[in-house]
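We begin with a single chain expressed as structure tokens, specifically the form predicted on its own.
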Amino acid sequence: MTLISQDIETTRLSPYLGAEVTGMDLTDSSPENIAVINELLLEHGVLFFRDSMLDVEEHEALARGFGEPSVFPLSRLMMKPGAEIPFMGEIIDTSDDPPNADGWHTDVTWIPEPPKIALLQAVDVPESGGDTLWADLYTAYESLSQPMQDFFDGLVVNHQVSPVIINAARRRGGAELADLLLEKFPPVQHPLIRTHPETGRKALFIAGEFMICIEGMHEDESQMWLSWLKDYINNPNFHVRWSWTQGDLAIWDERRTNHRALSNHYPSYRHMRRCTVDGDRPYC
């Protein structure tokens, strides 16, 4: 356990990734408090705060301390003129609407400037199951051999809206909305190895089903390497796992992590509230 100030303590949860933080007032979104959180976030990658239920306004204010809150592209397309901007995303799993995030990814990489930070609040959790895992992509990169690092460095990957999101658009607005989503958000290119803009460290930039091909490779070569990368980060030595209780809050750095929300609580009810913060264009 590390003492940051007289009241704030951190407990590291794995050698590379994750820390539980106690003694911090998350309703304080002052620049001084945000600076402390950001320093811890750059060190640990993902922070966990037990029994820290924020209301919607407090949640948004905390996110806004790190930058401009993001609007999910599909939600922006569905906004009506004059409507309140939907910064908050509600993730509600039920027996009729099963969980669909049980695969490694980082959020919304199919836009030129993906989010940099995410804040996830546990509003209502099942009695068991529904844990979330994070993978440290610093460690994943640094664990590669030098020849593999050299091979991956400089490769570019095409990212595209996933079928899950296209199907969600189709359910909400029919084929017209799904077609509009694909029109407004064509594939974008991101480096396979990205440099963190604040720490200067390199990380694998893996994004699950958002990755469609490696630029310049034959299809079979591209799919072989993308499949290998997706399997590579299954290594539990890269992971930290969090079992939620009601009121927990997690804040993570999207630029150096992947995450996946386990679906083993199905068909139990689970309600999470998420806000992300706009980021910059990834670079190698």
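Predicted model only: the values in this text are computed from it and were never measured. Just count from 1 along the sequence shown to find any residue number.
Absent from the display: the form predicted together with ligand SIN. The rest refers to it.
Annotated contact segment (heavy atom within 4.5 Å of ligand SIN in the model of the complex): 100-108, selected among 137-145, 76-84, 100-108, 186-194. Although the partner is absent here, V156 sits far enough away that none of its heavy atoms falls within 4.5 Å of ligand SIN in the model of the complex. Contact annotation: H59 falls outside 4.5 Å of ligand SIN in the model of the complex, judged by heavy atom distances.
Although the partner is absent here, V21 sits far enough away that none of its heavy atoms falls within 4.5 Å of ligand SIN in the model of the complex. Although the partner is absent here, L120 lies within 4.5 Å of ligand SIN in the model of the complex, judged by heavy atoms. Residues T132, W252 and R274 are all found to lie within 4.5 Å of ligand SIN in the model of the complex, as judged by heavy atom distances. Of the listed positions (I212, M88, I166, I91), a single one reaches within 4.5 angstroms of ligand SIN by any non-hydrogen atom in the model of the complex, namely I91. Shown here without ligand SIN, the chain has H259, A261, R270, M272, R274 in 253-284 lying with a heavy atom within 4.5 Å of that partner in the model of the complex.
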